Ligand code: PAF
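Below you'll find only one chain, the form predicted alone, shown as structure tokens.
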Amino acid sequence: MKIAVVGAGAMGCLYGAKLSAVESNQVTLLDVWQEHVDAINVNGLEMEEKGEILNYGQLMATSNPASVGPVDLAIIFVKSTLTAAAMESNQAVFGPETIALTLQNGLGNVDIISSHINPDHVLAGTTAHGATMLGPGKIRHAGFGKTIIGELNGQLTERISLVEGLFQEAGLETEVSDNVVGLIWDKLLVNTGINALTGLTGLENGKLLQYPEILQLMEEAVREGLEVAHALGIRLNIPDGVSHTKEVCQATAANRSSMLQDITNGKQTEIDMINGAIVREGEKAGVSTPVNHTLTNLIKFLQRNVK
């Protein structure tokens, strides 16, 4: 299968590398970071995984989507703040039959992608993997978990089964859900409880549980999100979002969240698509979200001077 991964950050590289290991796949990473692109093309992608250094020399990378042309599957992995720009600048890879799959964090990516291509060609999902960028052409596979994907209407189709099989063959544990919108909200609630707090405190995920004052904020932020989801009629797969968020903190105790990495590296964060999304959706539903509003504003203050 001809595959393009739009966004060669740590997660895009992880999925691109795994998929490129399947002989029948032709995988290209698309990214604007030229030094990173060049390093992959010259030396292959280097991945640190479970104490080993793996090299994926068959993986291609480019900053020119026109050189790739239309693909069978485009996996969107850019930061949520860049989704619209990435869709506009990479139109060359989206042919009339291209399937687009978003595995991004946050809320709103499906709508943005659907405004640029045929909405009927959009799939969505979540991933429990974790990865960290170490430098140009180098990443660390930092956490392992399931990939869950689905059609937006919940149907079990031939194409969703095809993508599931493709990921399974690449060693990515995957399952299909009939409630992918609920899954996106499940993950949104976890990110709501973890990301902003790690960005503000500099703590690794697991250490959030060690401080009662931080833990209280986590619980209140997630509860607000749950109240918004219920008001909007979202069918959640994990009813106890607060307990689940704590479990994720424990399971990923040593992880530095993507938002903490962004703050540390002086980059724009995805706050508007996470805690900010809870605030916006709360306004639509008539639900007050003061904790998420405060966390959103504090992160925005930290990134005021980031371009």
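Numbering starts at 1 and runs along the sequence shown. Just so it is clear, the model here is predicted, and its values are computed rather than measured.
Absent from the display: the form predicted in complex with the ligand. The rest refers to it.
Participant: Just one stretch in 173-181, 133-141, 188-196, 108-116 has heavy atoms within 4.5 Å of the ligand in the model of the complex, so which one is it?
Facilitator: Selected stretch: 188-196.
Participant: Does the ligand come within 4.5 Å of any heavy atom of residue 80 in the model of the complex?
Facilitator: No, no contact at 4.5 Å.
Participant: Would you classify residue 248 as touching the ligand in the model of the complex, given a 4.5 Å non-hydrogen atom cut-off?
Facilitator: Yes.
Participant: Taking heavy atoms only, is residue 257 within 4.5 angstroms of the ligand in the model of the complex?
Facilitator: Residue 257 belongs to the contact set for the ligand.
Participant: Taking the ligand as it sits in the model of the complex, is residue 252 near enough to touch it, meaning that at least one heavy atom pair lies within 4.5 angstroms?
Facilitator: Output for residue 252 is yes: heavy atoms within 4.5 Å of the ligand.
Participant: Could you run down 71-98 and flag each residue that has a heavy atom within 4.5 Å of the ligand in the model of the complex?
Facilitator: Heavy-atom contacts within 4.5 Å come from no residue here.
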